[in-house]
Every structure is written in C-alpha cells, then in structure tokens.
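Here you get one chain, nothing else, as structure tokens; it is the form predicted alone.
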Amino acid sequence: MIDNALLISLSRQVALRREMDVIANNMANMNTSGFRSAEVLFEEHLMRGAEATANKRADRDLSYVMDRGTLHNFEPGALIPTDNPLDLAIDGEGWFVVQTPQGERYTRNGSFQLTSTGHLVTSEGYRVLGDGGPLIFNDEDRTISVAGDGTVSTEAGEKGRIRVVRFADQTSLKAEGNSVFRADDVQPEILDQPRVLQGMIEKSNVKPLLEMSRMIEVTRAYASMTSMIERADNLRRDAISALGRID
C-alpha cells in the first residue's frame, strides 16, 4: 500500500513538472510576437489493485496522473503599432504562410525583414510566401506598401499578394518552435478577404498574471507532494524496522 502511495505521488510530481515547463515557456515568450500560450492536458489513469479474490473487501482502483498532451490557446494577441513598414499583422482569422526546410508552415508572427537577396523573411529566416511563391524585392523597390487584402506593391509596381490561409479546426495545428505551426492532417483554405495591417504587430496572447498564479499553484502542489512522499517513505522505514524486531 505504501509503495502504491509513493508511485501515485510520483506520477503527480511528474505531471506537475511537465506543467511547470509549459508555464515557464509561456512566461519566456510573453514578448514573442504571435506566440500562442499553451497548457497541459492531464487525464486520470485507473489501475486495478490486488485481485478481489485475495481480499475480503472489494479492491479500490489506483488513480495515477497521465500527461495526455498540450493544448494551445488560439485567442488573438493585442495589435500594436510599430511604424515599421515590414511589420504586418492579421486582424481577425488567418495565418501567414512561410517556407521552412521541412515544408510550408504557418505563423501569426508578422515581424518580417528583408535579406541581402531581397527575400521577405520571418525573424527565424523563413521565406514569406505570396500567391505566386516567395516575395522578392530588388534595388528599385524602395517604398513597400501592403494593402489590406495583402497585396504588396512598390514604385515599380505590384510584387504579389501575401498568402493568408485559415483552418476550419485550428486545434489540429502542432507547434514547431515559438510561433510557427504545422498542419499534419488538415489542408488550409485560402482566405480571400484577409485584413492585413501594415506597420502593426500582434503580441503574444500570454496573460502574465494568470501564468504567475498558475506557477504559484504548481509550486505549492509540488511541495505538498514532496512532503507526502517523505511521510510515506518514513512509514515504510518504520514498518521495515518493526518487522526486523519480530522474533
């Protein structure tokens, strides 16, 4: 019975450490543009104890804690002006499409920049895709203007239209890094009328006070589990010592 108590407490501690890791990552990215906060989803795992035939009273299932997965909060972050013409934000639904070495990915982080080759890229260096492929500028393109529907133009004319897509079910997206997501089993739909804002950036949707509150709760719960494990371990030591004195 004491061993069961120890194992159950340990399962809870492992879950709490996982939850603390997620909270710490949220806090570390509270200033990352387009970052989506996450939380851990746990479930109860019931395991039957000793066989009922070996005991007079009915057995009780043992309840362990299991880490089932990570859920992301896809609520939009606040939009703030930056006066940087390469900063873009999407007002409402939609995702920017970027080209990574692993294929197309999706982000709400519109903190873009130009490379020496004229490519419009993310802060991670991923190329931003338009309807016709990567967006490229040359020396004649001095003033970049982005219309509300994502059409990019300069003094030399139109350069393309930023591809903005939507997903019917965003919960299927998987995070890769801090602000990039991939879609394994779903296909995005082109958003015909996106609302792209130039000179704006979408902040993280992390709520610092909420995360601090969660961190305190997890810390207290972890300390409580540690104390419980120590008491259970002391009980086991006392039991072993008492058995050793029996003639």
Partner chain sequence: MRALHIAASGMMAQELNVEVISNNIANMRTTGFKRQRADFQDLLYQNIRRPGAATSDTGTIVPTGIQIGGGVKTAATPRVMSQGNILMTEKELDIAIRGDGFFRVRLPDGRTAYTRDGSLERDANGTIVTVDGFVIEPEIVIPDTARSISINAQGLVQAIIGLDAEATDLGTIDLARFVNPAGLQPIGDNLFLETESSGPAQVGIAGEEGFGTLLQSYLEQANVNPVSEISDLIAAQRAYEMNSRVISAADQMMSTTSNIQ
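Numbering follows the first chain given and starts at 1. Rigid core (definition): largest C-alpha set, two forms, superposition within 1.5 Å. Given the structure is predicted, the values throughout are model-derived calculations rather than measurements.
We do not show the form predicted together with its partner chain, though everything after this point is about it.
Student: Just give me the single entry in 46, 186, 190, 212 that has a non-hydrogen atom within 4.5 angstroms of its partner chain in the model of the complex.
Tutor: Only one option qualifies, and that one is 212.
Student: Just one of 161, 127, 72, 166 has a heavy atom within 4.5 Å of its partner chain in the model of the complex. Which one?
Tutor: Looking at 161, 127, 72, 166 one by one, just 72 meets the 4.5 Å heavy-atom criterion.
Student: Exactly one stretch in 146-154, 127-135, 114-122, 98-106 has heavy atoms within 4.5 Å of its partner chain in the model of the complex; which is it?
Tutor: Among the candidates, contact is made by 114-122.
Student: Hey, in the model of the complex, does residue 177 get a heavy atom within 4.5 angstroms of its partner chain?
Tutor: Flag for residue 177 set to yes.
Student: Tell me, yes or no, whether residue 238 is in contact with its partner chain in the model of the complex, where a contact means a heavy atom of each within 4.5 Å.
Tutor: Judged by the heavy-atom cut-off of 4.5 Å, residue 238 is well away from its partner chain in the model of the complex.
Student: Answer with yes or no whether residue 204 is in contact with its partner chain in the model of the complex, where contact means some heavy atom within 4.5 Å.
Tutor: Residue 204 lies outside the contact set for its partner chain.
Student: I'd like to check something about residue 232: if you look in the model of the complex, is any of its heavy atoms closer than or equal to 4.5 Å to a heavy atom of its partner chain?
Tutor: It does not: once its partner chain is placed as it appears in the model of the complex, residue 232 has no heavy atom within 4.5 Å of it.
Student: Are there residues in 8-25 with a heavy atom within 4.5 Å of its partner chain in the model of the complex, and which are they, in order?
Tutor: Those in contact are 16, 17, 18, 20, 21, 22, 24, 25.
Student: Using a rigid core superposition, assess whether residue 231 undergoes a CA shift of 2 Å or more between this form and the one not shown.
Tutor: Yes; residue 231 is a residue whose C-alpha shifts (by 2 Å or more) between this form and the one not shown when the cores are overlaid.
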